Ligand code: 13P
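The chain that follows stands alone, in the form predicted on its own, written as C-alpha cells.
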Amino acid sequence: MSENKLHATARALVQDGKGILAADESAPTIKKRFDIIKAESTEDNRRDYREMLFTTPNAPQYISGVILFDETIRQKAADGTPLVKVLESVGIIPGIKVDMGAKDLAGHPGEKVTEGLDGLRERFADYAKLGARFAKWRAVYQITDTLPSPACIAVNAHALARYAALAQEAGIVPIVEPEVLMDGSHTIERCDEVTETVLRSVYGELAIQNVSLEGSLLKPNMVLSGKDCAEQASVDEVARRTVRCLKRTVPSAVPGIVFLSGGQSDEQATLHLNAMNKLDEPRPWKLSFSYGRALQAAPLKAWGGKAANRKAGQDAFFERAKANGLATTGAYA
C-alpha cells in the first residue's frame, strides 16, 4: 500500500461522526464476559456474538472500523461469508490486534512490557492477505508515586515504534496504544504528568523509526483521577486536562486520536469525549473513540447468549454507537 493510501485509511477511520469498535478480546477475556451472562465461550458463540455486532443495521453510520482478534479475522459468518467480507460489505474497515500481551518487565517488579515483535513482519503479511487495513498494539503503564520507571517508559515506546514501522511496511495503518492505567489512588494531576511523559517518549521513538505520522493513529487514555482517588475530577476538568496534555505532546501530522475507555463506565466515556469536542479551542487532530467494553457491555447483556435476543443486542449496540458517534462532534446530550 502506498503512503497516500495509508494516510487515506487513517483519515477514514476518524471521519466526522464515526469511531472504532474494539472487538479484539482474547479468548480468556471474552470468556470472562460470557461467564457474566452465563453463556458458554465456544467458537460458534463467539462468532455469533461478533457477527451480531457487525451486522447491526445502520451501525456503519457511526462505526468506521473494527479491531479483530486473530480467531475472528479467520472466521466465517453463519452463512459462510468471511467476517472480514461482512464488514467490508457495509463500509467498515477491518483491523487486527497484533501484540502478544503485556508480560512482567524483568528487573522492574509491578511493571509490564508488551511482547510480540518476533515474527511480526510475517504475521503482518498474513493479516494483510486476510484483509486487515489497520492494526493495534497496546502498552500499559501502572501509576504510583514512583512508577512508571524510565525503563518501562523507554522499552514500551521502543516496542510501539518498532511495531508501527513494521505495520506501515506491510501497508497497514498502526494504532499506537500507550495506556496509562486508571488503577490506583493517584490524583488527576499525577495522571496528567505521567501521560505527558509517556507520550513524549512514544513520539520520540516513532520519529527515530521513521514512522509516517499521517498514516497512524493514537489510542491513549484520558487524563483521569485514579479509580480509588478520594477526589474524582469533573467531566469538564477531564476534558480540559486531556486536550491540553495532547496538545503538548501529539504532533499535528497525526490525523486522529481514538480514545480507549479504560475502565470508565459507558456513560462516562461518552460524556468525556463529548466534552472534549465541545471545547471552544482549535485542535489539529480529530478526537474520536476506539471503545471495547463501553460499546459492548449493553449489547452483551441484552443478547445474553441467546439467538432469540439478537435484535435486542443489536438495538443496544446501535444506541451506544450512536451516542459515541454524536460525541465525536460534541452533539451528544
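Just count from 1 along the sequence shown to find any residue number. Here the structure is a predicted model, which means the values were calculated and not measured.
Although it is not shown, the form predicted together with the named molecule is what the next lines describe.
- Residue contact with the named molecule in the predicted bound form: G292 places a heavy atom within 4.5 Å of it.
- Contact check for T195: every heavy atom lies farther than 4.5 Å from the named molecule in the predicted bound form.
- Although the partner is absent here, L260 lies within 4.5 Å of the named molecule in the predicted bound form, judged by heavy atoms.
- The shortest heavy atom separation between A22 and the named molecule in the predicted bound form is within 4.5 Å.
- R138 is the sole member of K112, R138, H158, R190 with a non-hydrogen atom within 4.5 Å of the named molecule in the predicted bound form.
- Heavy atoms within 4.5 Å of the named molecule in the predicted bound form belong, among the stretches 279 to 287, 301 to 309, 53 to 61, 22 to 30, to residues of 22 to 30.
- Contacts between 199 to 235 and the named molecule, taken as any heavy atom within 4.5 Å in the predicted bound form, involve only K219.
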